[in-house]
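Starting off, we have a lone chain in the form predicted on its own, written out as structure tokens.
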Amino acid sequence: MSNALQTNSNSQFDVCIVGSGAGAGPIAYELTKAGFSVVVLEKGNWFTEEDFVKDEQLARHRVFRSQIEDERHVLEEPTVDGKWSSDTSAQFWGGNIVGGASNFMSGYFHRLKPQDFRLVSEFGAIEGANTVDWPISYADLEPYYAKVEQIVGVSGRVVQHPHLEPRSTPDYPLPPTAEHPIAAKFDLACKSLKLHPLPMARGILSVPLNGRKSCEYSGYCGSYGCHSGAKASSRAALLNDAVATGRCKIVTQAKVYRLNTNGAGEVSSASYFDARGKSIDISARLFVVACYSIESARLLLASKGEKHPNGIGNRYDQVGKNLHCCAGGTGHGVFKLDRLAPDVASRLKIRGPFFNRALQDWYVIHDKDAFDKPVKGGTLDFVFDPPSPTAEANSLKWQRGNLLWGTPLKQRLKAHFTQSRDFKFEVFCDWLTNDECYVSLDPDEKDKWGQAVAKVRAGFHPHDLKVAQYLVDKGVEVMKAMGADEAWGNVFTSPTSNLVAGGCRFGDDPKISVLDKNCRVHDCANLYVSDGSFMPNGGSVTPTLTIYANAFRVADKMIEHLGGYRAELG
């Protein structure tokens, strides 16, 4: 079949994108610069840097998120007695504003590694897991990783280590962000353990770039919108430029509820409710779904038609399947400052700069005492939580179930805020896809527009816990080697609400995938899915950089699909 699309002269736009986050921004950026008209339909509102003031409560502001009373998910999780819990939740709404959840990310921009693209070939099948190799290789995506790093602005420093992925560029385009003095203490401890500490690549500007300011080092980063524009959100880094071309229109408060298809099975229009609740149709030559894995699957399942009686792309009941989160855990190391030399204690009290260290020594685990063969491991990121003194003080009022008050509470608050410092690590490893982790439409729950909400069944594979515990134990060892007075860690089994992917994975076989290798829906010639839905597995890092890179790759395929760059651009 030819890639050239038959032009529909009645189309209002060349491309219609549903969603505006990490999977959408690169499409709008590249297609508008190639001369095509693009409309972006975003359910939320459009906020700017001026709206993201330094405010501990900012992350909790309702205006950034969908409300559970309006729109929710049904979440089913396994219980300890082998049954399933069921409850409604709004936890998966990472950010319903222009730019989506990328406004609130931490910006840990690790690349995947070659073995992430071929888990089955590298490590073999695991019983009970639906793991597959990707239809593309790391080499196919590498140029787009480099492109993202250049365009959105990634800071960092490449250092050699046993699991460094191949690169076409010698280093990141921007120098590392400012580092906290704890980083030097961390490096010494790691080298004593014969480990390889890495400066973490961040989607945060260390120097100004393209009209965006550099980081202000306020500490309010992960879970917070960026006041300076340094964070590489889809809005700040890509959509603003797309709009500036004059060829990109962003429609806010546009809740897309169905894609309508014609007699050929292609999408002819998208139907959305506007702020008044009025239903409006918008037409385009190509359509892109990029509204976060759960909602993307929901939209395809809800878009039934003559050629798609079970939803678009669902001929083999694959839409919503193979959802995955991010397995792992977290841990802490507490340093009692009165036990340290005054100059050391003084440096540890500094606020603002990032910890910015990671370990990937166990990205592949070779430990016969723990596993009978090499297994895929993961990444440990050493970070700070954003400052949240009000929330911390509120939690300190409780001790062993009793409410503290008066002098004991004052003493506890003083000790927490002035006499110790807490450093944190986060573990990321694969959440293996399995038959008990998927999205479907709930038969009973409706949103405020009368549409069926998504039901998320979030079952995990026991292998995930074994790998996560191994890595958490390593993190605790590092904290102890640094001299922490207290160190501990835990693995988690609950879904990571901000790190969900899959649900419309890509592949060569339509019977076990929804998208082809170019992320076009197998049975719908003018529909692409460009958010994290395409990923067969998430790797052992946060997925945003890979979503960005793949969306840039998909944009190239779409430009080819539309016949190449518009001639008038030269």
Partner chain sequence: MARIRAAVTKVERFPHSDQKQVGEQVVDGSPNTTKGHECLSSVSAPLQPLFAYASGLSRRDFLKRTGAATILLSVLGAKPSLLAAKETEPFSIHSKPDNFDVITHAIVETVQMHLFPDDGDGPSAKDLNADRYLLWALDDPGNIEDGDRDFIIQGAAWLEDLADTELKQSFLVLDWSAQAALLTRIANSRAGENWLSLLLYYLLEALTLDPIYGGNPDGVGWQWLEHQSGFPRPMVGKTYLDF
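Positions refer to the first chain, counted from 1. In this text, all values refer to a predicted model and were calculated from it rather than measured experimentally.
In what follows, reference is made to the form predicted in complex with its partner chain, a form of this protein that is not presented.
Although the partner is absent here, R62 is a contact residue: one of its heavy atoms lies within 4.5 angstroms of its partner chain in the model of the complex. P181 falls outside the set of residues with a heavy atom inside 4.5 Å of its partner chain in the model of the complex. Its partner chain is not drawn, but in the model of the complex it has no heavy atom within 4.5 Å of S268. Heavy atoms of D274 never reach within 4.5 Å of its partner chain in the model of the complex, leaving it off the interface. Across the proposed site, D87, Y220 and F460 without exception bring a heavy atom within 4.5 Å of its partner chain in the model of the complex. Q469 is the sole member of N310, Q469, Q253, S137 with a non-hydrogen atom lying within 4.5 angstroms of its partner chain in the model of the complex. Among the residues T169, T245, T493, N210, the one placing a heavy atom within 4.5 Å of its partner chain in the model of the complex is T493. The stretch from 182-190, 127-135, 154-162, 386-394 that comes within 4.5 Å of its partner chain in the model of the complex, counting heavy atoms only, is 386-394. Contacts with its partner chain in the model of the complex, taken as any heavy atom within 4.5 Å, map within 413-429 to L413, K414, H416, F417, T418, D422, K424, E426, F428.
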